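Encoded as structure tokens, the following chain is the form predicted on its own, with no partner shown.
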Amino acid sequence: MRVLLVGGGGREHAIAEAIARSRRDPHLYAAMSRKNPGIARLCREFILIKEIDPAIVDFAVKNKIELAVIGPETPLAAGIPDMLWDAGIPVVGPRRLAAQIEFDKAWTRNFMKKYNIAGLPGFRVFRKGESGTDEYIDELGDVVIKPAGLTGGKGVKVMGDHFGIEGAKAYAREVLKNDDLVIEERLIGEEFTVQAFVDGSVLAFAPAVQDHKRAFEGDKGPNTGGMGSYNDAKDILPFMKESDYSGAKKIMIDAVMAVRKETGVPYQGVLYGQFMATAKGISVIEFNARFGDPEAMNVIPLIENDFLDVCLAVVTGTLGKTKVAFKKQATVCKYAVPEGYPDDPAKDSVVEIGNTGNAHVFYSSVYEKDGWVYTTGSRAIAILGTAGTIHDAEKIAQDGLLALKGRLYSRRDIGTEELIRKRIKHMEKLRA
């Protein structure tokens, strides 16, 4: 089976490995902006191209691609799935109208309000150049500022963490010069993510994962694309209640059904729901129209099914006939990033990978040249530990990180007992 993968990061390396494990004799092709050595080794052929370039469709047609899988968000916003479908190639990744749920935060909040989807925080949308943000920030008192468009996980700013009230007002005014803006009430609680395969009407849910956006240990520093993540050997995380997970699933089902009503387009691909467990229940932080990065690395290796069987069920609308199962194991994923990331990262420095033991290595934003692997300035290498408990998975991941040599930094606290106990105590205090 001829399969095209669009994207060249750590998430896509995890997808590529899952495709390569298929019993369907896959011939893998890839379109990526730089040569990811992990993906390249698994490919029959790859093309180095911007992931929003319509020439991807020509590459797919030339190679008689039978199925395409989209990794990142930018090709979704550019309508690459629409073009591939129009060329007769089925795609795991929603069409542009459905993918708005990620790339237009203003659209999504108004959409949730229109269809009465649960978990909606207090919010207001401001259009580019509009005034009144100062007054609304004063009214809410504690806010999150979100540019409406895609920002690679780094544009959202939280009051109290990034700035005070005057800083929030200044940032809102700055964003509005170039983009629409959403101002929301700040939610207090613990974040968790639920990801699901979607065939237009049926959703197959993965275990909950917690990502760690902050650059430094103790959840300090600027936001990043994600420094690491973990899941437990069951569907929920240690600080969660079963009702958090079931509530999140219902919200995602309601959103998929409402997308079809609103746009006339079935949502086919992967839906990522990021939620905040609070004292009052769960709220929706955001939706993404694809697997998370790093959260993909936690759940994709746990899929018991043949990955391509699941993908084909997504594009044929037959997910209800496919029981998607995940191994009951815990995972901890930790990113090694260039020194100085995200503000002033060391670029074009060599990364050497020694014996990582039982850990799994996923190449992310690196490139290969003359047999050497180099950093690009973004997240470089993800190391995954898998075991029966979070504690054991964390040890495997941390030991694996020690095998990396180069100008790199990683958070050692992700998945540790100390950090997880802190999460549990935080939620117990809030719920009390």
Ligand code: AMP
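Nothing here was measured: the structure is a model prediction, and the numbers come from that model. Numbering starts at 1 and follows the sequence shown.
Unshown form predicted together with the named molecule; subsequent notes refer to it.
At the 4.5 Å threshold, heavy atoms of residue 180 stay clear of the named molecule in the model of the complex, well away from it.
When contacts are judged by a 4.5 Å heavy atom cut-off, residue 187 counts as touching the named molecule in the model of the complex. In the model of the complex, the named molecule sits within 4.5 Å of a heavy atom belonging to residue 213. Heavy atoms of residue 156 reach within 4.5 Å of the named molecule in the model of the complex, making it an interface residue.
Scanning 144, 252, 172, 310 against the named molecule in the model of the complex with a 4.5 Å heavy atom cut-off leaves one residue, 144. This chain is displayed alone, yet in the model of the complex one of 83, 176, 303, 276 has a heavy atom within 4.5 Å of the named molecule; that residue is 276. Partner proximity in the model of the complex, defined as non-hydrogen atoms within 4.5 angstroms of the named molecule, places exactly one of 260-268, 285-293, 350-358, 128-136 at the interface: 285-293. Proximity of 343, 364 and 411 to the named molecule in the model of the complex is absent: no residue of the three has a non-hydrogen atom within 4.5 angstroms.
Contact annotation for 79-113: a single residue, 105, has a non-hydrogen atom within 4.5 angstroms of the named molecule in the model of the complex.
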